[in-house]
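Only one chain is shown below, in structure tokens, and it's the form predicted alone.
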Amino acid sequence: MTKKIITISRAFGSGGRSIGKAVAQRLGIPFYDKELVEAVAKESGFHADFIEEAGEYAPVNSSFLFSIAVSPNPMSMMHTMSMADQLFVYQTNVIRSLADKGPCVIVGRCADYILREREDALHVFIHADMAHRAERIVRLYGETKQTPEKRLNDKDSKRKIYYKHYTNRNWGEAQNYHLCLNSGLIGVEKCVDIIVDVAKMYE
């Protein structure tokens, strides 16, 4: 089975977005990160800034899993859901629609879980050690009042909560992905090479 859909999950500061974009360019297929936010905004009517922030960071007290458990059609219960849960439903629909359109690379937003039953999907998790990621975010985004380590821990913690909340799986756990790559150890370019090579193995 051709692996034409590639999802990239990543620890903050590991270079996952850059890797995903380079993979898409190498394969000549669409890349969805900011573009996914725009598509969800158009579909949902939510402001892009809200989607950007809330789209990967779930409120702890949301009732989404209960809503899904009691309803086979989440769209029918939209009026009872929190805005964050409504957003997840819209994101799910958009991600499935993009995958149905053809080959692409999708970054974040539980795409690996949403597309878990597709045999043509390759799911990748990018990570790196704290020191590597701390150096990278300071170099790319500059200094803030928070230490780099605090910024990394906060982002990672929120992503873990979001992922667990909407998937009931553990974020970053190897069994949820086909490939787990340490970008700090092997480098961004080598990560790109490996993902492209694996995707092409199934052509």
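So that there is no doubt, residue numbering starts at 1 and follows the sequence shown. Treat the numbers as computed from the prediction; the structure is a model and nothing was measured.
Not on display, but discussed next: the form predicted together with a further copy of the same chain.
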(Q) How about Lys21 - does it come within 4.5 Å of a further copy of the same chain in the model of the complex, if we only consider non-hydrogen atoms? (A) no
Q) With the cut-off set at 4.5 Å between non-hydrogen atoms, does Tyr113 touch a further copy of the same chain in the model of the complex? A) no
(Q) My question is simply whether Pro148 lines the interface with a further copy of the same chain in the model of the complex - judged by any non-hydrogen atom within 4.5 Å. (A) no
Q) Does a further copy of the same chain get within 4.5 angstroms of any non-hydrogen atom of Lys3 in the model of the complex? A) yes
Q | Segment assignment from 134 to 142, 28 to 36, 41 to 49, 164 to 172: heavy atom within 4.5 Å of a further copy of the same chain in the model of the complex | A | 164 to 172
Q: Determine the residues of 166 to 182 with a heavy atom within 4.5 Å of a further copy of the same chain in the model of the complex and present them in sequence order; the list may be empty.
A: Trp171, Gly172, Glu173, Ala174, Gln175, Tyr177, His178, Leu179, Cys180, Leu181, Asn182
